[in-house]
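One chain is shown next in structure tokens, namely the form predicted on its own.
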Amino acid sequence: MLAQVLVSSITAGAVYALIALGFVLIYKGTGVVHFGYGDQVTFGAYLVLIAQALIGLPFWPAVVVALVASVLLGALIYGGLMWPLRNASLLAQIIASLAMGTVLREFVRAYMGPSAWPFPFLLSPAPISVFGILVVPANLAIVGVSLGVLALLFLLFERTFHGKAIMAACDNRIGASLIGVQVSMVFLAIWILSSVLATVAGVLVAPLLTLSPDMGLIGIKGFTAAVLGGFNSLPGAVIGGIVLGVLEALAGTYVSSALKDMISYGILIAVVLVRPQGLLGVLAMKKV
């Protein structure tokens, strides 16, 4: 039973990790907590359906179109909203991100309707038995895609010049600019990358939750995973997502299914009270 629960929990944990990475990337690079990110995840999944409905594309080409559109969306958010507010207060930037998420949510509600939409699984949702443990091929696809994305991000940030430039600008903007890094372009890359991550996460999570305008509440899980792992740590975001998925599954199986969603809020409160820097985060002091 325990092995089955752990195997099942990895799927949700992998998706939470992707969403948490988006939160951490934006915060680490720009200092903004993007409270509209959950709605951006939902919008990314809806982009696939919109591409299918408007252009008549099959599923996989529609996913490609959605990813390209998410690149444009990330650039639009940065150029049309965050760049003009670069000198505004942090509170103003957070409110702007929240308002942007609301605009995306209400757009899909008005254009696609308030009802839930079916969304195809990447592979068959029928379970198969492997050494006595039920494994769902669709869930394996979700975990595989998530691990692939995480591996690509690792290669980007650890093995490429552009990735190292992004990390340098995130750690020290002034120092990075002094050695020739264009910080404004780095910020643009961060918003674009986080937008693509949101679309990937939306495509992965939509079959599990049933796509609707209110699916953006999944952002709370990603936010909790980011806080749990450490809001300024990319590896922490991954670990936080997996740990949250496992804790949810254990609580829902051995305590009560009603606790499965409530545990996210409990973990968020506990981490803030006991270890606000998270598992792998580092406390930072700032003059105010």
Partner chain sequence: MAGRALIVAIAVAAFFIAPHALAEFHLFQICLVAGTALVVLGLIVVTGFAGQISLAQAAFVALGGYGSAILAARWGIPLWAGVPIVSIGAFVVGFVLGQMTLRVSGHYLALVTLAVTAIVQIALIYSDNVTGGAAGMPVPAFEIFGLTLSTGGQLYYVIVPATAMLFLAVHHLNHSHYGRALAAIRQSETAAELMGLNVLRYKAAAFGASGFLGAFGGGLLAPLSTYLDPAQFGITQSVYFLAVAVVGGMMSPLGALVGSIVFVLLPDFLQAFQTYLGLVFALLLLGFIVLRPEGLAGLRLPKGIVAALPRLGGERR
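All values derive from a computational prediction rather than experimental measurement. Residue numbers count along the first chain shown, from 1.
Omitted from view is the form predicted in complex with the partner chain, to which the following refers.
- The candidate stretches are 202 to 210, 133 to 141, 78 to 86, 164 to 172, and the one lying within 4.5 Å of the partner chain in the predicted bound form by heavy atoms is 78 to 86.
- Contact annotation: Phe59 falls outside 4.5 Å of the partner chain in the predicted bound form, judged by heavy atom distances.
- Not displayed here, the partner chain is approached by Ile94 to within 4.5 Å at the level of heavy atoms in the predicted bound form.
- Though the partner is left out of this view, Val255 does not reach within 4.5 Å of the partner chain in the predicted bound form, counting heavy atoms only.
- Taking non-hydrogen atoms only, Leu268 approaches the partner chain to within 4.5 angstroms in the predicted bound form.
- The partner is absent here, but in the predicted bound form a heavy atom of Leu98, alone among Leu98, Leu147, Val71, Val183, sits within 4.5 Å of the partner chain.
- Only one of Ile50, Val65, Val246, Met262 comes within 4.5 Å of the partner chain in the predicted bound form through a heavy atom, and that residue is Met262.
- Scanning 2 to 37 for heavy atoms within 4.5 Å of the partner chain in the predicted bound form gives Tyr27, Val33, Phe35 in sequence order.
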